[in-house]
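Just the one chain here, laid out as structure tokens, in the form predicted alone.
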């Protein structure tokens, strides 16, 4: 795993959070942080606030959501959503440690206490909820297919079984890896990597024919491909993204949901300068959260 700390931070008084395009020397965005926070003793929020630091799991390979920048600092919508939550506990950006968290290890790092939360295009589902709890959802995506720009054979998932020699790539431990199986002629069609950028590279060099994951992630790869990739078909699933936390931590779940609800302007601004800059995306409304349990 790679570890890195954010480099830009600002601590400013205030009872509410906002994300401001302050434009520091490095051109990055800065987050206002609530000062003098107080929480009920024994809660996760009190523990984090007293500690003064957080470890947050996210992905380092997904344009628009969680991508490691040239300065080794992750950037994207998931990263900004996590900063909003951290700031509400008085945690400045410089006091966040980011832990790369691919799909296959997300539950494990939460169970092991390696992170305080995971914000990593993390679809809420029943299987995962047996091991960890989710706050949110804070965004709803949908699975789709990405192919080479000159591929006119695949126009949707239904075409995959008719072309059993074509390879379909996604990542181990992801919801898309399970969803796509029903559309395949056989399991030999499926190629699994640990991170999505390996799938994009494999598509670019012809080792695979299709990449599948959530549409907003694929749009990021399309935008960076200089015309080499395209999306085909419509989305064929609904993927609600949640914040992963320790199983049964209802108070922390409710705090996260309330924090996001109280900072919808910051949420929208975060989208528009991260995932929202990718062509084809639409600014979302914050979804109604599911009950915490």
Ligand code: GLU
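Numbering follows the first chain given and starts at 1. The structure presented is a predicted model; accordingly, all values stated were derived computationally and were not measured.
This protein has a second form, the form predicted together with the ligand, left out of what is shown; the following refers to that one.
- With the partner omitted here, the residue from 189, 123, 133, 144 that has a non-hydrogen atom within 4.5 angstroms of the ligand in the model of the complex is 123.
- When the ligand is considered in the model of the complex, only one residue from 81, 211, 217, 91 comes within 4.5 Å through any heavy atom, namely 217.
- For the chain shown alone, residue 196 is a contact residue for the ligand in the model of the complex, at least one non-hydrogen atom being within 4.5 angstroms.
- In the model of the complex, the ligand sits within 4.5 Å of a heavy atom of residue 106.
- The closest heavy atom approach of residue 58 to the ligand in the model of the complex falls outside 4.5 Å.
- Taking the partner from elsewhere, residue 76 is found to have every heavy atom lying beyond 4.5 Å of the ligand in the model of the complex.
- The stretch in contact with the ligand in the model of the complex, judged by heavy atoms within 4.5 Å, is 168-176, chosen from 218-226, 154-162, 81-89, 168-176.
- Residues of 127-154 that come within 4.5 Å of the ligand in the model of the complex, judged by any heavy atom, reduce to 128 alone.
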